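Let's start with one chain on its own, the form predicted alone, as structure tokens.
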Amino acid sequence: MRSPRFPLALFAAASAVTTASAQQPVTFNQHVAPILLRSCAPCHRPGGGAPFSLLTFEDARRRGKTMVRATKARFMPPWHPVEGHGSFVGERRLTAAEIATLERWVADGRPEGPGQPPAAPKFPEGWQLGKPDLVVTMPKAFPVPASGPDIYRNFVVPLNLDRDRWVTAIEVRAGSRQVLHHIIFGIDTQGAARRRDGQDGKPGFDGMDGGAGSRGGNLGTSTAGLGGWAVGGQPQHLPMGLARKLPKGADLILRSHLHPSGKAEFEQTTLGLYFTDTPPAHTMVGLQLPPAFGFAAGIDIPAGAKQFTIRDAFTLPVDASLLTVGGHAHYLCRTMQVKVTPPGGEPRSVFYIDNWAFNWQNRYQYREPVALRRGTKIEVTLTYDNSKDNPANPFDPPRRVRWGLQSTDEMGSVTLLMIARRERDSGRLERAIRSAARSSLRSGVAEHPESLLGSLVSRIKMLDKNGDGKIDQSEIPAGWRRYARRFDTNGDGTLDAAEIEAIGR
């Protein structure tokens, strides 16, 4: 099923708003409804996922001031790529004139106006992409405590495929939207993940490796993998007839990031898989800059730093076409940008977010593939604000923040999906990306050895299962206890917050 159809009259009515004279009264039926139905109602409708509806005059009248605040701050609609830095499918941003129209309508008393508003478009019910070819659910729900550190957990979902299949899209339905932050999909063809599943008495198993024998999850050194989903992400079919292979008999591995919400929850994710019977003519290739979500990029942000920056680059060894782009970072990130510079040419920005939002992490598909010549340099830049002026800063006062797995740690990368213009060049492109990623990780760790310590501290904090800020003997794995005693400087048998932080100094 395609995206909701918006009548031409709806676009025409919305466009007319921008040309209305300052003396014309702004009314809901003529000016406001077209904006809301096109850009807000896909989510703000019954069953649409947003906390309230904006389909009717009464809906909008009650929420008028909220709409103005959210749109003026560019918090809503949740569309973060800046105009002029790439053209994407399904753009939802409002123009300055449309935002001014909403503000004026509220200031004028929110009149309904004569006539009738445009008819609401027909929205898909249930699955956003239509009925899936296969629906699967985690066999058991995983309990997420009310508080404590973030949880990284691998869940095994048997697919029971009797033949190889090609998947064009995966639509995610979280059991609890409050706790599921993101998933990276992996494939296990050897049964290794099943053998680890539930060994500690709970569904799944800990760790970030996805289980020996799984693949498609390590975006640091792999190519396209099987993809993933993050909070705010909207399902899309892959473009150009592309698809990812699911081998016969494979298990799907959900490498899930769970974030305690303040009350005990259960997460039991359901997925809708969409297949094609036609193998793709091109191989998708993934490029992540910096690799491993910035693990070795030197993310060690001093308290108060307003413009901390990381960068990475890659030069294409073959002609390629850029298909999709998306980033990942935590609370302190402010901007992400991708620039491409052809041989002998000028740099051009093809992706730019100037106000990153942790809770809206999406992938963006270019309206037309971006043609990139061999020798084109792809540069990625991310900036972070760890000052008190950043309203998203989780710490008050600000603290030093390093790379780590917790949401209050930091990460940072941009992942691009592309194809080689000539299919015979796909292997060469993949090998070049893997080689560059390995080199970047080696040199990054040599230049920033604190990355390893920061990662270690982050993983140690995850042992604090009861969320009391310290780690006692019962929370330390048996194999770690003799090492933990080295850092227990006061000899009380626990690692408190100060002792944990001292490990990374």
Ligand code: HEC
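From 1 onward, residues are counted along the sequence shown. Here the structure is a predicted model, which means the values were calculated and not measured.
Note that the form predicted together with this ligand isn't included here; everything after this is about it.
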Hey, of 161 to 169, 89 to 97, 188 to 196, 257 to 265, which bit sits against this ligand in the predicted bound form at 4.5 Å between non-hydrogen atoms?
-> 89 to 97
Could you check which residue among T56, N29, Q473, T66 gets a heavy atom within 4.5 Å of this ligand in the predicted bound form?
-> T66
Let me know the one among M284, L405, I378, M76 whose heavy atoms come within 4.5 Å of this ligand in the predicted bound form, would you?
-> M76
Within 4.5 Å of this ligand in the predicted bound form, all of I301, F308 and H448 (non-hydrogen atom) = no
Should A33 be classed as touching this ligand in the predicted bound form when contacts are defined as heavy atoms within 4.5 Å?
-> no
S440, heavy atom within 4.5 angstroms of this ligand in the predicted bound form = no
Can you check whether T269 is within 4.5 Å of this ligand in the predicted bound form, heavy atom basis?
-> no
Contact label in the predicted bound form: P51 to this ligand, heavy atom within 4.5 Å = yes
